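Only one chain comes next, encoded as structure tokens, the form predicted alone.
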């Protein structure tokens, strides 16, 4: 389907499916609204544990094109969740979204192949650019 055609079919996304993992409801809401306006399907989880359950529920693992994860969360934190995703879903690009920037941590994540390290409150343009970059990386990973 050509870009822009999705709107004619009830607004169903053709750009990809993004999992947003953040314990702050408002952050998830803003990220979801921003990405849905850009044509992405968005699934939300309030912590790493819920994100892992979301991906693994049902017969088949959830097909994802990108995961955006906070770092500081209750139960399973972002670092543990990201390690789980990298191990079990290595083809899914990851973006870190945090309210507590840490240069050392950012460098470590980038070395692990994280697509981007964004700081809250994230600008809408930075967010959509990072997700678009993740989608390109996903295409490369499929080759």
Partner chain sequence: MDPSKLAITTVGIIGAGQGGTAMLEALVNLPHVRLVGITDRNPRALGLKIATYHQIPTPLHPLELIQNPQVQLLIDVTGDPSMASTIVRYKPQQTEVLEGAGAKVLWDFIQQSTMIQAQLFQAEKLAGFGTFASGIAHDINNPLYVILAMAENIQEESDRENICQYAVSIHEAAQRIHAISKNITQYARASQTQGAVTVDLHAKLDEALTIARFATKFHEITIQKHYQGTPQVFAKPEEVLQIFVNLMTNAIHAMEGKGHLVLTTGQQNGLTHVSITDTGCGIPSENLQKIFDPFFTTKAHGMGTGLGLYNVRTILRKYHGDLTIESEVGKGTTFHLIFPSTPSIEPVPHVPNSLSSH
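Numbering follows the first chain given and starts at 1. It should be emphasised that the depicted structure is a prediction, and the values quoted were computed from it without experimental measurement.
Below, we turn to the form predicted together with its partner chain, even though it does not appear here.
Peer 1: Its partner chain isn't shown here, but in the predicted bound form which of 45, 95, 55, 27 has a heavy atom within 4.5 Å of it?
Peer 2: The residue from 45, 95, 55, 27 that makes the contact is 27.
Peer 1: Its partner chain is absent from this chain, but in the predicted bound form, do 65, 84 and 126 each have a non-hydrogen atom within 4.5 Å of it?
Peer 2: Not a single residue of the candidate spot has a heavy atom within 4.5 Å of its partner chain in the predicted bound form.
Peer 1: Is residue 122 a contact residue for its partner chain in the predicted bound form, using a 4.5 Å heavy atom cut-off?
Peer 2: Contact with its partner chain, yes.
Peer 1: Contact with its partner chain in the predicted bound form for residue 80, defined as at least one heavy atom pair within 4.5 Å: yes or no?
Peer 2: Heavy-atom contact with its partner chain at 4.5 Å: present for residue 80.
Peer 1: Residue 106 versus its partner chain, in the predicted bound form: is there a non-hydrogen atom within 4.5 Å?
Peer 2: No, residue 106 stays farther than 4.5 Å from its partner chain in the predicted bound form.
Peer 1: May I ask you to state whether residue 101 is within 4.5 Å of its partner chain in the predicted bound form, using heavy atom distances?
Peer 2: Residue 101: contacts its partner chain in the predicted bound form.
Peer 1: For the heavy atom contacts within 4.5 Å of its partner chain in the predicted bound form, list the residues of 33 to 50 involved, in sequence order.
Peer 2: Heavy-atom contacts to its partner chain in the predicted bound form: 33, 37.
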